[in-house]
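Here we start with a single chain on its own, the form predicted on its own, put down as structure tokens.
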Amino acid sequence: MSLLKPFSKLPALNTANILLVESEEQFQQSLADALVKETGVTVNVRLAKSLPLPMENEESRPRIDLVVFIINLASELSLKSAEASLKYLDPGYFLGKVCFLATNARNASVPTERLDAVRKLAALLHCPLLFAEDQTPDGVANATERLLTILKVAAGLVPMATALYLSSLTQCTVPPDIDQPSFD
């Protein structure tokens, strides 16, 4: 079990590789199916329940351009799994090659503390935090479009743009009063 490193392999021409990490695999497969339909560039999608990735196929595994942690806000296990997986990423990934995708944010039963924890995690790691609706085809299409934009930049397929630059523009920020009690 070793760290996943962003620059340990050479990139393939006109190809982008994305790793979707979700412990419950509810949204992962529909998002993967939508991502591979991209026609402008070859998108390879890898799926994982958690990190670290197994060692047996490490030499045949392509370079991973973007790691996406899908967090179901209705599940505490999903958040804990994402937090535990972060330690298996090389620090170089946090220079614009990691993002968080939260689902079920509109669900009334989701505790606000869990949403705040995800926001703090993304802000602490200077990573983008995207929200997606996983129950509708339009929600999947919107999430796919946003991820493809980030993926193309992270893979170096967009001229004059780098993953670090995009990350600095899209990173999650936490308001200073997030720990203060609300007066609802």
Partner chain sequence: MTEAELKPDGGAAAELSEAALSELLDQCEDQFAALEKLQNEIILCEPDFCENPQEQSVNRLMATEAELKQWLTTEPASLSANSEVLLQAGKEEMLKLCSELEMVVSCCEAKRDKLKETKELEQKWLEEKKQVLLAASDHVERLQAEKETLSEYSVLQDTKEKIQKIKDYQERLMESLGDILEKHLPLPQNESSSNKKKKNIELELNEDLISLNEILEVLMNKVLKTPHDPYVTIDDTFWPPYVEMLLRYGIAVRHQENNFKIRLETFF
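Residue numbers count along the first chain shown, from 1. Just so you know, these numbers come straight off a predicted model, no measurement behind them.
Note that the form predicted together with the partner chain isn't included here; everything after this is about it.
Judged against the partner chain in the predicted bound form with a 4.5 angstroms heavy atom cut-off, the residues 70, 81 and 85 are out of contact without exception. Of the stretches 52-60, 147-155, 25-33, 131-139, only 147-155 has residues with a heavy atom within 4.5 Å of the partner chain in the predicted bound form. When the partner chain is considered in the predicted bound form, residue 111 lies well away from it, no heavy atom lying within 4.5 Å.
Residue 162 belongs to the set of residues with a heavy atom inside 4.5 Å of the partner chain in the predicted bound form. Interface membership of residue 105, defined by any non-hydrogen atom within 4.5 Å of the partner chain in the predicted bound form, is ruled out. With a 4.5 Å cutoff on heavy atoms, residue 47 does not count as touching the partner chain in the predicted bound form; it lies far away. Contacts of stretch 115-135 with the partner chain in the predicted bound form, defined by any heavy atom lying within 4.5 Å, are made by 124, 125, 126, listed in sequence order.
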